[in-house]
Ligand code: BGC
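Okay, here we've got a single chain as structure tokens, the form predicted alone, with questions on binding and movement later.
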Amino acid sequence: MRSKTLAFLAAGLGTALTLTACGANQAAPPASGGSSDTASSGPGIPVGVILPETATSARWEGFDKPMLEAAMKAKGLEPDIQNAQGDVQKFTTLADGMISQGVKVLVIASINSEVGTAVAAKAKARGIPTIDYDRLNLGGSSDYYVSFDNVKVGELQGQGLADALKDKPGAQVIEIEGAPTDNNATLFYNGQQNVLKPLYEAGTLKLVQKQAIDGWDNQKGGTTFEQILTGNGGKVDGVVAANDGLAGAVITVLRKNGLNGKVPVTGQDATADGLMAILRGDQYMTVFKPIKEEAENTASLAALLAKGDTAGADALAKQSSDDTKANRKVKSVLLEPKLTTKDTVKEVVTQGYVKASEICGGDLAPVCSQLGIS
């Protein structure tokens, strides 16, 4: 079901990997500080989890970490959950520490495929099964992958923008995509194009320019968008932004040019900031991914693998994903994402992913009241 990696997203891959490769494959001393000793001293089966960063998305610490911890403890596991803060060497160091402490399973949401692949290889050499979490490491060796249907995420973004612009034939679109080193960004793009490419070809919509943003860097995304907008004479009718962070950066530029609220912008992750932008009318949609389901499925899979029950793990991971670099299929759990617009923000709140108090203050109180968000 996966489309092949498209050229523009891969354009910066070689350079990016060259920059991050230094030290990524080198052995490092065990991690120190934090909660790293829980792997060996906790009452449950020790499992290591490495999250990628906090700079570009609030989800990793705000949602994934507490939800993974709760789900794993409920399965009799003792998770050691650490965040690499976008640092490839730190990611490697954390992994080395967890492996040396004897975790029974290693869950990795990697910064890029290269470091994820290197870490998985080290774990495999020690007989430790690995699970790629949220992001598939191309060329890797993890036998399992838990995420959302990321092509579907992109399709929802594309359809959201198409719906918003349906009454504006020939509308001009700018695409601000995610990091070229993140396989998910490629899948999002592929899904978007499933919807948008036929519209571009038919002239229903007009693509001004598309640009991938290294590291999902919001500031760089905003600067890039502003340059494209300026180069197009300040004209844009719709923006594909690959996540809520990039959407926020785009909206800042639109506001500066008096265009916020007039130009539909897509997003992803249903962050508090993204939802508030939707309630204000500055962002048209986001994609809600129930992270609790992702965490719970990961915990179930880790518990089975920790006990050596590969048959049970295979029964849980019934789907498959294409590792296009290693030319292999990876057993997967792929969950269903949901399109969220102003009328469905309440669902995100009702399910407990964001509190009404986080998004309904000040000028948004009347909007929330009207939508029944409390």
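Note that residue numbering begins at 1 and tracks the sequence as displayed. Being a predicted model, the structure only gives us computed values, none of them experimental.
One more form of this protein should be noted, the form predicted in complex with this ligand, which is absent from this view; the next part is about it.
Enquirer: Please determine, with the chain shown alone, which of 120-128, 93-101, 267-275, 79-87 has non-hydrogen atoms within 4.5 Å of this ligand in the model of the complex.
Expert: Checking each option against the 4.5 Å cut-off leaves 267-275.
Enquirer: Please tell me whether the candidate spot formed by 53, 184 and 216 is one where all three residues come within 4.5 Å of this ligand in the model of the complex (heavy atoms).
Expert: Contact check passed for all of 53, 184 and 216.
Enquirer: Here the chain is shown alone; which of 237, 155, 134, 282 has a heavy atom within 4.5 Å of this ligand in the model of the complex?
Expert: Residue within 4.5 Å of the partner: 134.
Enquirer: Please tell me which of 192, 142, 112, 243 lies within 4.5 Å of this ligand in the model of the complex, judged by heavy atoms.
Expert: The option sitting close enough to the partner is 243.
Enquirer: Spell out, yes or no, whether the shortest heavy atom distance between residue 225 and this ligand in the model of the complex is within 4.5 Å.
Expert: Outside the cut-off, so no.
Enquirer: Does any part of residue 57 reach within 4.5 Å of this ligand in the model of the complex? Heavy atoms only, please.
Expert: Yes, contact at 4.5 Å.
Enquirer: Is residue 289 one of the residues lying within 4.5 Å of this ligand in the model of the complex, judged by heavy atom distances?
Expert: Within the cut-off, so yes.
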